[in-house]
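Taking the form predicted alone, here's one chain by itself in structure tokens.
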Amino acid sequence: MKEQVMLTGVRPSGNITLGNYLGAIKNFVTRQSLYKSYIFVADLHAITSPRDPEELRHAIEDCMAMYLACGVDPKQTVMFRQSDVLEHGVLGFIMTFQTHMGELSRMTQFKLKSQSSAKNGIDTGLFVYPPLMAADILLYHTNMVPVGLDQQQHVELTRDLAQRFNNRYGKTFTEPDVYIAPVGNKILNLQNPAEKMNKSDGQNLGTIFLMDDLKLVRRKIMSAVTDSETVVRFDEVAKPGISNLISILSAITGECIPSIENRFAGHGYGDFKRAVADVVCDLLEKIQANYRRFKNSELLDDILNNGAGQARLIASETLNRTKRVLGLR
């Protein structure tokens, strides 16, 4: 049986949230030994809006150090910078010709970001980056992409583009599947559980970042919005705040939701929140210790440079085959 491939990419857009970790990173880490695994920092995607070059360089290093800290193993996973493998850009340009403008205009990320960017004008890169994201996935014959719910649409578009290309030119690309964890796939804002836990949360009161001070983390969880009941029960409609905290506890510990409900039967919200805070702080303490070990380490550059070399071998083969079926040399 042909080896299955798993791939994920991450934009170096700043501090990683607990939602990012539980929705995507943790799922990748727990499955990396079961696949031929690739993970890359999507630095080309990061320049769809202007960035300070020095800040971007630091963000790229921080991003990869954090993924190593979260448990990505370079012995099992190929890690690299997207911009070090030029085939991403070339195939991304090719895939724009397989993509309809209507498809791009319906992308949720574009609609949300274009609204916030309307005053200053919308960069073309914001509109056309989904074909580049498709190229990221298709270059490595990817079978599975672990994502949070907010990124499912991008993988579905990639699958559509792969099918469209294959129908036009013959079987060239593997059509990827999306993996969304049944628990923790969408961690919500602690102060407003109608919204997801977001990096752009202005006051950061509802968002837990992986590098937050642990005392602050505990304070955020203890002040999380709940409801007028005192029953620890999973009900996303009637009890979104408590359900969100149950999801966090379940996703970290692996304990099923009914077991959590039974364990805290008769307990108040205070006891429950303290238990959630203990588990989250224990997780973040380990991640932060690992991060400090990898940050500014020569080992990080060695891992990324070696990974880029391995990635180029596969990416160049895929791009050359794509060019041949298109009639290019």
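These numbers come from a predicted model, not from an experiment. Residue indices: 1-based, along the sequence shown.
The following text describes the form predicted together with tryptophanyl-5'AMP, which does not appear among the structures shown.
The unique member of 148, 176, 193, 131 whose heavy atoms fall within 4.5 Å of tryptophanyl-5'AMP in the model of the complex:
By the 4.5 Å heavy-atom cutoff, the listed residue in contact is 148.
Position in contact with tryptophanyl-5'AMP when the complex is considered in the model of the complex, options 276, 303, 42, 66, heavy atoms within 4.5 Å
Looking at 276, 303, 42, 66 one by one, just 42 meets the 4.5 Å heavy-atom criterion.
Interface segment, criterion being heavy atoms within 4.5 Å of tryptophanyl-5'AMP in the model of the complex, picked from 150 to 158, 91 to 99, 167 to 175, 219 to 227
Careful reading of the contacts points to 150 to 158.
So in the model of the complex, does residue 6 come within 4.5 Å of tryptophanyl-5'AMP, heavy atom to heavy atom?
The answer is no: residue 6 has no heavy atom within 4.5 Å of tryptophanyl-5'AMP.
Contact with tryptophanyl-5'AMP in the model of the complex for residue 315, defined as at least one heavy atom pair within 4.5 Å: yes or no?
Contact with tryptophanyl-5'AMP, no.
Just to confirm, residue 10 within 4.5 Å of tryptophanyl-5'AMP in the model of the complex by heavy atoms?
Residue-level check for residue 10: yes, a contact with tryptophanyl-5'AMP.
Is residue 24 near tryptophanyl-5'AMP? Define near as a heavy atom within 4.5 Å, in the model of the complex.
Within the cut-off, so yes.
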